[in-house]
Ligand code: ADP
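Given next, in structure tokens, is a single chain: the form predicted alone.
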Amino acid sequence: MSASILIINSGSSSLKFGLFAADSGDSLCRGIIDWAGETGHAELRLTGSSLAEFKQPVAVRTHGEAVDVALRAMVETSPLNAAPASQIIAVGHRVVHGGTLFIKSVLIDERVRTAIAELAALAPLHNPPALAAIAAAEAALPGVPQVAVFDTAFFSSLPPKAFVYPLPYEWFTDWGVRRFGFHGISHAYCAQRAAEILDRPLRDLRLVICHLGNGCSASAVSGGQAVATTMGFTPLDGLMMGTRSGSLDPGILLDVQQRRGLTAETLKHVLNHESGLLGVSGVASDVRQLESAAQAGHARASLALEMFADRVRSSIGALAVTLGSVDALVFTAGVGENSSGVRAAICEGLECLGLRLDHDRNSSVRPDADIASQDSVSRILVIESREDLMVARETSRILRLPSHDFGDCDNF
């Protein structure tokens, strides 16, 4: 079997992974391991190129353990006949925060690891797991080159008016306080895929892309370049999310510190883990559970979903004005791809932007597809987010591997 590229995407308590053929770009297998806190209980799910699926409970407590389990499943026990371990010639990692130092993908060395660690304060849920996965992959595959692909890189094209905050300018020049933007790998892929679906050059398109999962962000992309995004200095900014607050009045934080005695550490935990859909509903951060609760008459679950749709809709409007017009609105990631109810709620009132939803298409769609009505001036697309494919493309490009079918990465 041909040589392969291993792709690793480290979440706060999950590990997504996959193998791609280095010569053709074909996906050999994809998988995920989810674990809950410190219980050690997790499930491995592995899907092969034939779409056959393998599931198995596994004992995992750390990202390092998860990498070892993933490798054994893919290349040793090989339930789906993936490539053997000796064939892995490169490893690509999604890394959330690259700051201003990494505006392109890079080969990982000690300097890069140190910089990723220093940026962990700005992405505490993601950069440390990425470092753990890098170390585990290096131990399991000694001598195999590893590449870091940064979520922030796609937003390095933001103009100053979009990345400078209205704070004392010295905070930007001296302390590096600025908008970075996140989910860039997903936004970059969706921009390219939208051009393919619409059969139009990416350079001619103005897109609003909504990455809606447990973490959420929206971007304005013009000619393949990001010109605005909702996430900011950290992944806390912007849209309401599963457990994160998104944008709010900073005076609230000052008030609860001064009058209620909340510490900075407590606020950090609340804003990251106890806010958003979970905080408002008191039920769950998972949209599927909230939709079930709302249908059963749970008022706070309904309110959380209404607030979520309203905030996304407002951001779409702002981004559309930034672009001047919209050729297509894109929904992607777990919620964006799978919740027809959320998409419908968000699209209510967007007719003024030339975006008219076809409700029948929306209710039965599978990515990748157009769910706009025939008379809609602009298109509404549902696109499967393929961060793994983008990381594979970038890894191949950085290492100059003889790949032929990974696609064009010029706009990333």
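The first residue of the shown sequence is 1; numbering continues from there. In this text the structure is predicted, and so the values were computed from the model without any measurement.
Here the subject shifts to the form predicted in complex with the named molecule, a form of this protein not shown in this document.
No residue of the trio 204, 224 and 316 has any heavy atom within 4.5 Å of the named molecule in the model of the complex. Contact between residue 334 and the named molecule in the model of the complex is found at the 4.5 Å heavy atom cutoff. Using a 4.5 Å cutoff between non-hydrogen atoms, residue 215 counts as a contact of the named molecule in the model of the complex.
By the criterion of a heavy atom within 4.5 Å, residue 104 is excluded from the residues contacting the named molecule in the model of the complex. When the named molecule is considered in the model of the complex, residue 339 lines it closely, a heavy atom lying within 4.5 Å.
None of 274, 291, 118, 310 but one reaches within 4.5 angstroms of the named molecule in the model of the complex through a heavy atom, and that residue is 291. The partner is absent here, but in the model of the complex a heavy atom of 285, alone among 245, 146, 285, 127, sits within 4.5 Å of the named molecule. With the partner left out here, the named molecule still marks one of 118 to 126, 105 to 113, 264 to 272, 207 to 215 in the model of the complex; by a 4.5 Å heavy atom cut-off that stretch is 207 to 215.
Looking at 223 to 237, no residue comes within 4.5 Å of the named molecule in the model of the complex, counting any heavy atom.
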